[in-house]
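Read on for two forms of one protein chain; each stands alone as structure tokens, with the labels structure 1 and structure 2.
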Structure 1
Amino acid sequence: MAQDQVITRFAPSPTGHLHIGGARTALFCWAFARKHDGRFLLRIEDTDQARSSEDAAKGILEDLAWLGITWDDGPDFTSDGGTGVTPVRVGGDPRNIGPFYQSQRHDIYNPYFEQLLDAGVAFPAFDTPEQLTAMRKAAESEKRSFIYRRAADFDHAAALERAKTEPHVLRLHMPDTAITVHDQVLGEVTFPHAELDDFVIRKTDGYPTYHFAVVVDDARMGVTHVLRGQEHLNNTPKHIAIQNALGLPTPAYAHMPLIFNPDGTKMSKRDKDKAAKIAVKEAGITTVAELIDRLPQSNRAHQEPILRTFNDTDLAAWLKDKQRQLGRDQVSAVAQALDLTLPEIDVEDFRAAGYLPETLCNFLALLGWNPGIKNADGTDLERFDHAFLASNFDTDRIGKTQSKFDRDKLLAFSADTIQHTLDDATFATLWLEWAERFDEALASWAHNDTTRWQVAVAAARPRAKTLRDARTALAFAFIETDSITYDEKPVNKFLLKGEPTGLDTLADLRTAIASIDPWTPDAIDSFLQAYTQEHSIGMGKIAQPLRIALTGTGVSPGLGHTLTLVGKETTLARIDRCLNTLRQ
């Protein structure tokens, strides 16, 4: 490795799905390394044994691979996204700097602890949780910040002897000076000594804290640049203090703006819980049984046991306490019961919602960064791919102010990509990959009825905003005829008024439609066009009654596609049911 080679890293904690903010951090670290012909490494920081999980770690690797954020050094990982397409292999340890899970690097940290203990910079601390709580309360009562300090008369030798038999943590004794962070985004940020406490670097279980492990690992892995969110800025003086105490190099830091919701609140995993809580209150639900009663039959067997993991007392406490949260699966089950679409927060949420990875990365890149390039019409360049980002990204165009996550803009990006960039063949491939992961019924249809699948692709792509939106637009093709409900407004307007009424026109049309052969979009469209000319009526006079009969609403794809997707026998059956139901 060349001494001046740029090396960035992304080091998530595997405590849940990859947050969209973490995805942006990984994207920027990847792009910075690519821009400077460097290396991008991935490290899993799983020292929090109580909260970390192997499944979460695998999910993060899968999310990054799906986004196209590939790492040069890191866990060896092969992914096909669950789609059966050509696998993507990333990671490995060509520089021999692993392992890449901090829980497997325990022995690496011990010599560094010993170095600090021998120098008297680190010291054992024996305070109990109760004692620490009392210290904090005393500080609060005196209206001052709680800053932990080693006692002036601290006996280091006696503490080391005591540590041989008593539970303790290790703390770092901070120098009696201010620490200045030289940040590539924020400039110089100085932290006075009065704000810096003697913080914990090793926990009672022997594991290093985040602060210690990240410093040692960055140094041993050759990290030269640390790009991360501004929420980590207050951690940086601690990291610099450890680096100075150990004689390790200090990487260049760049703290990026946080991502906020349009209302100014921080974009957080709590947003899902908040949305579910509001929906339950608005629905007037006070018991778990009421939630279970609202579950759709198609998903009841899976969701009911999840809802039964809490009782009415738990539900009431959750609704009353803003800080109290349900588990991820519980929130999802509540959303299913209320037919509620939860806000997308994690990468997996956006994937399930049907966003394409390239579109999502393009949008994320604009949250805090501006390429500074104009289009031919003078507007700012906003649409670009991974290659452009890798060639143009640098920290000098990262802003200081917080970014707002504009979901309408992301949706517009997605709609533009699907409707105007993809062709039908590419869309079909991507839609099927999505369906195989998130929509078993659609995937089965694609594999077992390829003719109608191609019709579905042609019908959905021109008006789809996301892959899930494409499926939603064709929901009428998957429901049972007897389950169709008729929207009152278009029924009154297009079926019950006029002379003859729309129902009368539909009844006459039903007989004629039965003769269409072959049952294809072109044949159907040609027949309907000829029918309107022969009977001297406008297309709207037959189009809307047909749509209502087949879908229950006045909105659907073109009639040729709609009738083909429903099928000839089902089309006739739905017309019959509509006539019988509404005439009664």
Structure 2
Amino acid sequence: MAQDQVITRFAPSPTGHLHIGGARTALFCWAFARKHDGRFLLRIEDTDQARSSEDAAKGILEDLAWLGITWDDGPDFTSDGGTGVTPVRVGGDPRNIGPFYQSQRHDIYNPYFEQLLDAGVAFPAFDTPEQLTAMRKAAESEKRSFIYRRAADFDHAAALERAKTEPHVLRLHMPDTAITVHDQVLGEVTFPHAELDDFVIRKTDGYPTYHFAVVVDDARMGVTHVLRGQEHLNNTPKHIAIQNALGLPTPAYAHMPLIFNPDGTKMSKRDKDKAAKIAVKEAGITTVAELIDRLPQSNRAHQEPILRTFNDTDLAAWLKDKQRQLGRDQVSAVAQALDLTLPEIDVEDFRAAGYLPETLCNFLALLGWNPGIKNADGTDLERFDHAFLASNFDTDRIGKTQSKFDRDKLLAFSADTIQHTLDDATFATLWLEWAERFDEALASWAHNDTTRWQVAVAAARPRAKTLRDARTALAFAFIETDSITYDEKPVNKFLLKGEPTGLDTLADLRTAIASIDPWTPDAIDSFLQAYTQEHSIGMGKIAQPLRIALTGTGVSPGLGHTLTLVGKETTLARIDRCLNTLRQ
């Protein structure tokens, strides 16, 4: 029966990229709908014209699609999937319940206002903002909270007459009873009438307030279950009051616990600005020129103009004022100048950081929910995919306690997925999708040098924690030989000490290596193997000197892979340079 079908919704305001907390809300709404063979709808709440933007709305659609959270009713959307490899088409309005942008629904609300006005449940109010502020202040000085109430001798007819000519808002007159929310997570929560005021349902400009719009929209769209963050719990009695006044059904509510930073603060977009500010202060930087100076050469052309969008005065003002924030691009440019990794807050941040959507959703699902299932070996089942969620998720196992976002655990999930679950081919596809969006140099390998790309995949995957991490581990293959600097510690340990010294070994190796053919990982590895036996020395004796010569550090993938990625000619050149530089 159609009426019994579960319908959930996610209704973000488009004020920026999708926040990680919003992603979890969306995921739970989606999973609940899938579990119950219902529908999941997406509505964009863009009535706040000042803060909303078309771009942000698009970004949110893109973020959701990337996460694999697809909506049945909502804005039409085709994701290019970064590369167009996996275009996803979602949305549409098969039930004829749109539009899904709230700003386009303005006229829908009028009959509902009329209904309430006629019933005398809604009433015009003429208080100015100044008057309201004064009333609040008065209440505060008397140490009681301010509750707006319609006057006892209120004359409805007179007010309607006055409303014809004077600017006014519409308020809902709250019935004199407590309101109980039957929450699927928290149980029964009762709000006393003394706390419920006659709140605004239509603003002076004629637009409905958020409370009114959600209730009407949810009802008209057939929403049966509202899953949202616990910050909305206090709004719920208002929504129920509107439903009661309008004679609309009350959906089932489930308020889920909030997600916080490890330090207990709220996860917010401000965290990135805060981190950048602290880093600039600690570096003792006071001028924009200093920042530009520290920009890595590789990205200078792109980032410098962004940094030039503010001057030293702006910088000083920003550093001094905790409230003051830089733009998204500016913060990111500052971070690059300081080689600082910004905390990931939005879905887009995690995408850029090289997390897989499946992994991110898995981790997110565990924040406030748990399947409560054991594996055969007695450990808790906590690794699962979308399909598992879609068939196992329900509100009865949503927890009540707020949780902190533990990046270490997310990173462990990510590493486990990449290293133990994916095969090279799947990893290669995902890595390329990522590179197309975030790393041109890497993407060009995939397109221009298939052999080398495959070696890169084989070298990077077994040791990568994220897609970005995989790229970082191969950084040595992207640099110029002349720009290599040698780490002091490994140089001392592996090149300068011992008898013969590492440098001597390296010099001998240089000649031998020149004869390797073909230049492939397997051939190189077996050659080096044979070399160690011939000279009866441990692999460590040649591996570390070679690593330092090729990468400047003592860390790299296996030698076969490392040498192949660098290339034969460059390998020899780097050994020469290392010998020349360190043998003085």
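Residue positions are counted from 1 along structure 1's sequence. Not measured: the values here are computed from a predicted model. Rigid core (definition): largest C-alpha set, two forms, superposition within 1.5 Å.
Matching each structure to its source, the form predicted alone turns out to be structure 1. Once you line up the core between structures 1 and 2, the Cα of Arg144 ends up 2 Å or more from where it was. Once the rigid core is used as the reference frame, the Cα position of Lys203 differs between structures 1 and 2 by 2 Å or more. Taking the rigid core as fixed, one finds a CA shift for Glu480 smaller than 2 Å between structures 1 and 2. If you overlay the core, the Cα of Ala159 moves by 4.8 Å between structures 1 and 2.
Taking the core as the fixed frame between structures 1 and 2, we note the C-alpha of Ala178 moving 3.0 angstrom.
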